[in-house]
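Shown here is one chain on its own, the form predicted on its own, set out as structure tokens.
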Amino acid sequence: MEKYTITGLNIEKAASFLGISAQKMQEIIERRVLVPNWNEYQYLFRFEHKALNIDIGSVLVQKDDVFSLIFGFPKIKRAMLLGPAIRSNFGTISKVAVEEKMNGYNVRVILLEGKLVALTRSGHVCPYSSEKANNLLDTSFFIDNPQLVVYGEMVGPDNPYVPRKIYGIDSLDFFVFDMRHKDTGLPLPVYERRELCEKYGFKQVRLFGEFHIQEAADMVTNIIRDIGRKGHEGVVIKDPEMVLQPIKYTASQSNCSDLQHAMKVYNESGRDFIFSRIVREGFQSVEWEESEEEFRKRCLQLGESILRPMKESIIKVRDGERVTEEFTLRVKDRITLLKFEEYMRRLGMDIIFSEPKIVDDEYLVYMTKINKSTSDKTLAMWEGQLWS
């Protein structure tokens, strides 16, 4: 079998940059741990598997044989019980900062050849997100701070991954939640990052405040109850200096919203995704010491989140339709649409794009994603196939 190679990568210099031998670098390439991005971004190499203590989704950038490393999104562990988790994880400091965890999709933004490029969690360059980043962010920040990578959330209804209308956003917006140094992945302290965002006019996730460890659990509980009523997702609890690892905590309404989507496409959704959200509901109910009436309400909300969307999908297939998801996109450049359509197809998505309509000064497109696995599995059940 012919060995897998990467055209255009200077293996010796890449190995030297990563602190490994050229032979080890060759092994990483042959195992397809490191693969190039597509089209004009083939000099951005994605880590498809963890290696050398570098996480999946990290990106090695080669430009004129000079290298930099864009680290993937940091793993943020989840608190099941707020009080014990805060005491256990932040017991060595006096205060924690609490910021909102918004419901959208994550991208990292960097400057390449005068244009902003948005990298997804997997390390792909998303054409749609890149256009939005160029329209929403001040490029001078990246010129003034070439060592920094901006981590943020794309949020709003015109969203090809996680459309949400809960934030009062007309189309799509970008909210910064982290900044990290290239090559090391070290984060900026919370308030230094927030000051930089203010200086360059970047929108950022909401800061609820800084709380003493002793009061933090009660304060976060109150915050969660409030944002849950608005349908928002949750919070991230952080060491203000970003030395200790952050933890996250979500509202019950967000868990149920996730389950509603997952059960609509039940055969595409991972069982771990569904199970973990059900477990969160149990822990939150106990920690909040709910009355029988409150607990029954939670049970009804949880059960309906699981069964109603699944029932609707089954009825759709029974009536001869396919299970689909609908999205809208808005772009200024029609070429972005062509690039995004190609991008989604290369990711293996079965998607139908409508003809663009001009709305104000943008192109509006409707995108229909066909959920083939759930559609086929449900149809097979109707035809008598047994569940195995």
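Small disclaimer: the values here were computed from a predicted structure and weren't measured. The numbering used is simple: start at 1 and walk along the sequence shown.
Only in words, not in the display: the form predicted in complex with another copy of the chain, which the text now covers.
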Identify, from the list Leu186, Val279, Ile143, Val243, the residue with a heavy atom within 4.5 Å of another copy of the chain in the predicted bound form. Val279
Sole residue of Lys95, Arg225, Lys230, Lys311 within 4.5 Å of another copy of the chain in the predicted bound form, by heavy atom: Lys311
Under a 4.5 Å heavy atom criterion, is Phe175 part of the interface with another copy of the chain in the predicted bound form? no
Taking another copy of the chain as it sits in the predicted bound form, is Pro84 in contact with it (heavy atom to heavy atom, 4.5 Å or less)? yes
Contact between Ala79 and another copy of the chain in the predicted bound form at 4.5 Å, heavy atoms? yes
Would Gly384 show up as a contact with another copy of the chain in the predicted bound form if we use heavy atoms at 4.5 Å? yes
Please state whether every one of the three residues Asp170, Glu192 and Arg206 places a non-hydrogen atom within 4.5 angstroms of another copy of the chain in the predicted bound form. no
Which of 146-154, 87-95, 215-223, 123-131 sits within 4.5 Å of another copy of the chain in the predicted bound form, heavy atom basis: 87-95
Which of the residues spanning 246-273 lie within 4.5 Å of another copy of the chain in the predicted bound form, based on heavy atoms? Ile247, Met263, Tyr266, Arg271, Asp272
